[in-house]
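Just the one chain here, laid out as structure tokens, in the form predicted on its own.
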């Protein structure tokens, strides 16, 4: 069965089929992603690793619908987003994807509770009471005693856990994390990874992590390596344990 066969989408959260990303540079062009094909099963924790300039963040943007491929197809939870306009992409992102970034992007004047509740307030068809859902997620992430703290009153690791809770507010099936521990010390970074593991265990969320840190990558179920916009290795950590 080929990766582009829609009948096989049921157990695949994210699918890329022969994806290319080419950008204009002056009068020429630069190929950043070169024919990547990748399936990420539902509930898997996947690490994407590679040197700076290998295309990791570009691939993350493509998989998350923040950018569109020059060639190839991308599916999120069985939906082909390859040719969608920005209006429809925004709807799909809001329903299917939670984003976690290296810098937490919390609103400094809002408490942890209100930061987490915010995406629900902007949802077209909200599934939850904003404050109830925010309390539930903050409790799940060990932040029940910090709900009324402002970001400046929280450590870096605590802010990242609030950011993860916010990413999960609308119950997306897929969580995309771009260097989520890159701005944290080792202990705080491990707490964030432990929180992601707990999210996957409790909610069966598919978690994709872009990281430079191989000690983080080795804790995932699977590691794929990029170099010059191509996949150079695809390794199952589960099978090695």
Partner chain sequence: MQRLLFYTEHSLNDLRIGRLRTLFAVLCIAAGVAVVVSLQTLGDMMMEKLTTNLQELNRGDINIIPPMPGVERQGDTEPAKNAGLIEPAGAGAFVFTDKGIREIERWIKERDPDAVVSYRHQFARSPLANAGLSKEGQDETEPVIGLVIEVKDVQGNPVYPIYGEIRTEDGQLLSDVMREPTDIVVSDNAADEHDLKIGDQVNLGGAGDRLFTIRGIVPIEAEALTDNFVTTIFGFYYVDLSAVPLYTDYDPSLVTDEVDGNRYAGQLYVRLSDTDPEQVRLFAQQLQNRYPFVNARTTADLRDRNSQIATALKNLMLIMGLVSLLIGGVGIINTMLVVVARRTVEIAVLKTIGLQARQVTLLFMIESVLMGILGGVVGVPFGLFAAWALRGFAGQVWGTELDWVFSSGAVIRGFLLGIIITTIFGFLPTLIAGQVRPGNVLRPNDTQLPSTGIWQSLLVMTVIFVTLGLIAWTILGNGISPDPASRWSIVSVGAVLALSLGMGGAAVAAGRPFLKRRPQDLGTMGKIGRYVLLTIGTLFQTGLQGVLFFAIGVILIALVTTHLTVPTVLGALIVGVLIGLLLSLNGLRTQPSLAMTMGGGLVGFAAMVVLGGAIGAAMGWPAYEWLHKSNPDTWQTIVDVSMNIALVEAALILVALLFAVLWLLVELTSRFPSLGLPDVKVSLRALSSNRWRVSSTLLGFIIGVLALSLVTMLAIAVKRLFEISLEDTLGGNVFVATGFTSEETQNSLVNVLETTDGVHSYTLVTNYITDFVELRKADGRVMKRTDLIAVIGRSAGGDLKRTQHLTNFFDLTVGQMDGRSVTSTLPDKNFDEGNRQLNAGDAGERVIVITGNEAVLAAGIEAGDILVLEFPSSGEILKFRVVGVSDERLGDIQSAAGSPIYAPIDAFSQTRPNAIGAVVDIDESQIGRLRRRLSTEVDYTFVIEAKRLSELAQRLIDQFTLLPFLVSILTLITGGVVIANSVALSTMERRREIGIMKSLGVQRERVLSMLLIENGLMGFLGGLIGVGASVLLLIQIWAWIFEGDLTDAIPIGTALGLMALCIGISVVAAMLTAWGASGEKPLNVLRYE
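Nothing here was measured: the structure is a model prediction, and the numbers come from that model. Residue numbers count along the first chain shown, from 1.
The protein also exists as the form predicted together with the partner chain; that form is not presented, and the subsequent description refers to it.
**Q** In terms of non-hydrogen atoms within 4.5 angstroms, which of the given stretches 105-113, 69-77, 153-161, 135-143 touches the partner chain in the predicted bound form?
**A** It is the stretch 105-113.
**Q** May I ask you to choose, among 183, 58, 34, 44, the residue with a heavy atom within 4.5 Å of the partner chain in the predicted bound form?
**A** Among 183, 58, 34, 44, a heavy atom within 4.5 Å of the partner chain in the predicted bound form occurs only for 58.
**Q** Does the partner chain come within 4.5 Å of any heavy atom of residue 86 in the predicted bound form?
**A** Residue 86: yes, in contact with the partner chain in the predicted bound form.
**Q** Residue-level contact is defined here as any heavy atom of the residue lying within 4.5 Å of the partner chain in the predicted bound form; does residue 204 satisfy this criterion?
**A** Taking the distances in the predicted bound form, the answer for residue 204 is no, it never comes within 4.5 Å of the partner chain.
**Q** Taking 4.5 angstroms as the cut-off for heavy atoms, does residue 94 touch the partner chain in the predicted bound form?
**A** Residue 94 belongs to the contact set for the partner chain.
**Q** With the partner left out here, check for me: in the predicted bound form, does some heavy atom of residue 213 sit within 4.5 Å of the partner chain?
**A** Taking the distances in the predicted bound form, the answer for residue 213 is no, it never comes within 4.5 Å of the partner chain.
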